[in-house]
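First, one chain by itself: the form predicted alone, in structure tokens.
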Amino acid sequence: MDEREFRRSGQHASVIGLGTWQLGADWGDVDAKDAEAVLEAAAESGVTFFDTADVYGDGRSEETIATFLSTRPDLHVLIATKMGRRVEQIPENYVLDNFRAWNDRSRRNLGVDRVDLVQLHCPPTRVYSSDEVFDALDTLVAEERIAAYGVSVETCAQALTAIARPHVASVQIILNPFRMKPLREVLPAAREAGVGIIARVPLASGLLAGKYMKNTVFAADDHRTFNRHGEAFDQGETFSGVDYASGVEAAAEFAALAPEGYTPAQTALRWIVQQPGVTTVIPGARSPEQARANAAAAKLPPLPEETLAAIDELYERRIKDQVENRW
């Protein structure tokens, strides 16, 4: 699979990576054997970038990755984790002593001395403007606890603030055919600055796979049940902030735009890969089949212009007014 560079850090990632939130929590139950099978399928398909977080299953996702990689010393996978969401979300918690403690825990979970990439996990907005926070992250690099750092953001404004920081290697942001706002300012600014873009929630929590109905029921411990209106964390993380009922209708239209030989999910992933400035996109997977199908999108031909135009028209007509004023 093709790889792209995080220019500021010199690291590389497959254009389609693997998001491992599903392997930790909040998507219904996934047992250890199934999680390992997903990681194996992704790696065999050429995926060289795994994204996780210390809060996914309270460390379960990190530990699952460590267990898998311990049996595959031949694999060269860039591991990105996140920190900050296991404490009260106030700027005062984003200090060096906490960073060291959080990093110590992630290094133990991952079984490494140095983490490849650590991202602040959607912290309070004021954190992005704090010199002390980024000085502390520089200290983690100097202490060889981490090789590089980035941020995960909720809004385009947060992304632009982070991109202006000289040592931020990556910005992780929601980007998909139902969340196009980052295309206008964030991706161009990142390209100019040499900051990598990690596109998350690429299938709008599964909506863009085109398989859900208005009466689809999700498990009680699935965020698509308990966070549909932002009850537990930012609403934009669930269905990209799109109203579920109207999202199902729009997703059916999107599915009809998939070219022959592409699934709707692969169409969404291919759309993201084609956006200038994207370094990697991180779909999750709950089965080996999903992991392989996601990775296969990297080898599909680029979407034709008429498909791109139709996707733009659908977004403008059905989705834009729901999401652009918030994120």
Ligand SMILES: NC(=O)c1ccc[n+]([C@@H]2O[C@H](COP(=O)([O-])OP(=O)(O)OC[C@H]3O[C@@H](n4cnc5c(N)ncnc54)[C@H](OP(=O)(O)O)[C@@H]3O)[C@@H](O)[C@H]2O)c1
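Numbers follow the displayed sequence, beginning with 1. Only a predicted model underlies this, so the values are computations on that prediction, with no experimental measurement involved.
What comes next is about the form predicted together with the ligand, which is not displayed.
Visitor: Considering the ligand in the predicted complex, which of Arg191, Arg145, Arg224, Arg105 comes within 4.5 Å of it through any heavy atom?
Guide: Exactly one residue meets the criterion: Arg224.
Visitor: Let me know the one among Ala35, Ala41, Val278, Ile282 whose heavy atoms come within 4.5 Å of the ligand in the predicted complex, would you?
Guide: Exactly one residue meets the criterion: Ile282.
Visitor: Among 95 to 103, 177 to 185, 195 to 203, 247 to 255, which stretch has residues whose heavy atoms lie within 4.5 Å of the ligand in the predicted complex?
Guide: It is 195 to 203 that comes within 4.5 Å of the partner.
Visitor: Applying a 4.5 Å heavy atom distance criterion, does Val273 contact the ligand in the predicted complex?
Guide: Val273 lies outside the contact set for the ligand.
Visitor: Can any non-hydrogen atom of Arg165 be found within 4.5 angstroms of the ligand in the predicted complex?
Guide: Output for Arg165 is no: heavy atoms all beyond 4.5 Å of the ligand.
Visitor: How about His229 - does it come within 4.5 Å of the ligand in the predicted complex, if we only consider non-hydrogen atoms?
Guide: No.
Visitor: In the predicted complex, does Tyr212 have a heavy atom within 4.5 Å of the ligand?
Guide: Looking in the predicted complex, residue contacts with the ligand include Tyr212, since a heavy atom lies within 4.5 Å.
Visitor: Are there residues in 168 to 199 with a heavy atom within 4.5 Å of the ligand in the predicted complex, and which are they, in order?
Guide: Counting only heavy atoms within 4.5 Å of the ligand in the predicted complex, the single contacting residue of 168 to 199 is Gln172.
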